[in-house]
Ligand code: NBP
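Here we start with a single chain on its own, the form predicted alone, put down as structure tokens.
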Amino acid sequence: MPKPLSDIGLVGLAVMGQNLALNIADHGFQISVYNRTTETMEKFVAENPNTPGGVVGAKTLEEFVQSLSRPRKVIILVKAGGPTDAVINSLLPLLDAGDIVIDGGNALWTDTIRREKDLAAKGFRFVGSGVSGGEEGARFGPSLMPGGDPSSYEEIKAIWQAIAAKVDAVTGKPLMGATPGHPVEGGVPCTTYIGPNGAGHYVKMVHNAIEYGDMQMICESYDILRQLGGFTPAELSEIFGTWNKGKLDSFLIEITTDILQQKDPETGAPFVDIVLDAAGQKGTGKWTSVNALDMGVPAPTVAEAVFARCLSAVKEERVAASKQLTGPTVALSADKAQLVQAVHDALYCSKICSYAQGFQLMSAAQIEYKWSLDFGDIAKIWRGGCIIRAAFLQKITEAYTLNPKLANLLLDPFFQAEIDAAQANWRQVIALAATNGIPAPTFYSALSYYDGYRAATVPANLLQAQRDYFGAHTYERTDKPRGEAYHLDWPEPGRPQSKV
């Protein structure tokens, strides 16, 4: 028999909503579910009659709200933007003061800030929680990034910790093996309170942007190895499989290994050769890049990953251009083993720089939005469940544990030593890509970021002189304290200032 009232409710029974609801029920919590299409809800409830916690269907929002224990906790998993606002506006007349609305979608963090403020003014509580891990993560353990009033998180903490992915307390490796009705027990949950209002959704956005970078860097590795090494997809699968046992151990490397050995069911050809080279995107990478520009934080690798998808999308233009524009002839590598190691190192170093940019962005955001983010905790909850989960994240956790005020991940002793040991190969791969006409935008941008960050002097002195010349934008002097502005009374163009 179901309990009189459910522990939590969920609106939106698309695949993510269904899987998250089953995850919650598997952990012994009774959940009420509502979907705009009643048939979808009824089918879902009928197909899942014996979960440990129980799934209760509701045909109307009124019935749904009345089925929840107080304070009511309602998860919304519908399309971000207007649809989310529409569901919230439908719910509020039915809720009581102190009830909690939880947006688990990929919301723009500024929307979350607005919603939290509006609902608080009306006496309600609002949580914007990032949910990462895709359909599989939602079902068996995602990484959860909740933001909002701390009291709101305390109300959902038991559920969030129960349903989150788990990692080993010592190694930080994900604990696997969950099956329907039998979740993973023990371990450290991949969730923590992130911060006020939009902090959770902001951190989720940066997670997704890092994911963009990771995916594009893996694709560049694949492309360089295929073109310069002449490797087949099956051979590349073995290479990525080997990498997945070392420093590059990650979910994305793991699935790349699987993809490259997959055959197309219709033709028998390598599946990767059947997929059209035109990538889609949902916007979080763009949001991150725009926000980085707004705050003046260098995040070129994420931006290049977004632009690479944009360039891939103009497939017909690229095909036409390929018949007119020329480039060098690709020369196969004479030493395939050395090439594999060099590309491995280029991917690893670029990955370090990409994550450094992501954490720099979050560091700036906490000042901009008056948050207090714990970067060690953020790295911890990304170790399992989420798309960018990787052994590498344990080292980031350790870096911020060693120095919570670390200015940049590149300055951590471990990562500094890693790049010192691998950068010669990194540079070699980029040189090979350039001389052979193989695009590698995230590799290029990551190295430029590294070289720019380590440079005591960059040519911005000339740039600022140009700005002062044509626009009287002023400049600072190397022989005067920072913050003092100067302007040179420039002569007419083409007439250099005479020496004094």
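Only a predicted model underlies this, so the values are computations on that prediction, with no experimental measurement involved. One-based numbering along the sequence shown.
Below, we turn to the form predicted in complex with the ligand, even though it does not appear here.
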Which one, Q261, Q366, N425, N106, lies within 4.5 Å of the ligand in the model of the complex by heavy atoms?
N106
Among K173, K245, K79, H182, which has at least one heavy atom within 4.5 Å of the ligand in the model of the complex?
K79
Non-hydrogen atom contact N50 with the ligand in the model of the complex at 4.5 angstroms
no
Partner contact for I24 in the model of the complex: the ligand, 4.5 angstroms, heavy atom
no
Give a yes/no on whether G12 approaches the ligand to within 4.5 Å in the model of the complex, heavy atoms considered.
yes
With the partner left out here, check for me: in the model of the complex, does some heavy atom of N35 sit within 4.5 Å of the ligand?
yes
Contact test, all of V131, G134 and K204, partner the ligand in the model of the complex, heavy atom 4.5 Å:
yes
If contact means any heavy atom within 4.5 Å, which of 24 to 32, 37 to 45, 443 to 451, 467 to 475 contacts the ligand in the model of the complex?
37 to 45
Even though the chain is shown alone, can you say which residues of 79 to 96 have a heavy atom within 4.5 Å of the ligand in the model of the complex?
K79, A80, P83, A86, V87
